[in-house]
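In the block that follows, a single chain appears as structure tokens, in the form predicted on its own.
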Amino acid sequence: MNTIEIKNLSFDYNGLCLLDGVSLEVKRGELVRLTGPNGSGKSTLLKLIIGELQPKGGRIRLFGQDISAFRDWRKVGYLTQNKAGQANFPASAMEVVMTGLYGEKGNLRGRALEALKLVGMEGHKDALIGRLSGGQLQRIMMARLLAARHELLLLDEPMAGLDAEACEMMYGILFRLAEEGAACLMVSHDISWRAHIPRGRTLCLEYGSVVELGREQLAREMENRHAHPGRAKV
């Protein structure tokens, strides 16, 4: 069973066709990177998957259920790209991570601290998030998802603001989660993905449709020469 199954999805924005017949699947234990030019609809696609936006047509299924009937949202973790409002929230890093555990039982503080250690932020557990850098805040928000142990992660530019070492650490975490059975769909332009090409799939969204990039096309995309097969010469 696919964790995400999208068939012929379409979406219009102010009369402009942003997505047209998009189809994709993400399996359990798979890490998929979604790339494409700015404004192509990558973040919009994530918002459609979580039900924040409504499609014009097509179908979205999560864990085998149509999204209209899906209710088990505890399985799904979503990292948004815009964190301006989160940075102004008057809370410590530990408190922010623990908000992802609301309603759960057990040693929640221990789970939160474990997640902070995974992203290298245990030393900032008592710091107010408004005093952290953008990269540090990014890691705190990732720790919040990790503590919740979601089965599906939807990540919008998760490497934004991170240095090369932190990106490698984050990829290591994501691939470990995939090995444990989690599925991940992430929007990313991070060029350090080059080192991980054999371990994940890369999809490209452009011209309203999604296609999978082959190795040569992906190499071009990594060199900032966007290579959607609709116009690329390989």
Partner chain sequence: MIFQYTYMQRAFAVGILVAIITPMIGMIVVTKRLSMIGDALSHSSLAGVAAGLLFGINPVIGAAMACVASALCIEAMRKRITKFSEMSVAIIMSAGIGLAGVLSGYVKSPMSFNSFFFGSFVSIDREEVWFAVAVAALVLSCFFLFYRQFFYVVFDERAARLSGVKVGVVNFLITMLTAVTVSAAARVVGALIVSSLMVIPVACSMQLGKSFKATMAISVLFSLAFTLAGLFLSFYVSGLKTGGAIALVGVLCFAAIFAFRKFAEKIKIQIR
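As the structure is a prediction and not an experimental result, all values here were calculated from the model. Positions refer to the first chain, counted from 1.
There is another form of this protein, the form predicted in complex with its partner chain, and it is not shown here; the text below is about that form.
- None of the heavy atoms of residue 123 is located within 4.5 Å of its partner chain in the predicted bound form.
- Taking the partner from elsewhere, residue 47 is found to have a heavy atom lying within 4.5 Å of its partner chain in the predicted bound form.
- The shortest heavy atom separation between residue 114 and its partner chain in the predicted bound form exceeds 4.5 Å.
- In the predicted bound form, its partner chain stays beyond 4.5 Å of every heavy atom belonging to residue 132.
- Not one of 33, 60 and 66 places a heavy atom within 4.5 Å of its partner chain in the predicted bound form.
- Contacts of stretch 1 to 33 with its partner chain in the predicted bound form, defined by any heavy atom lying within 4.5 Å, are made by none of its residues.
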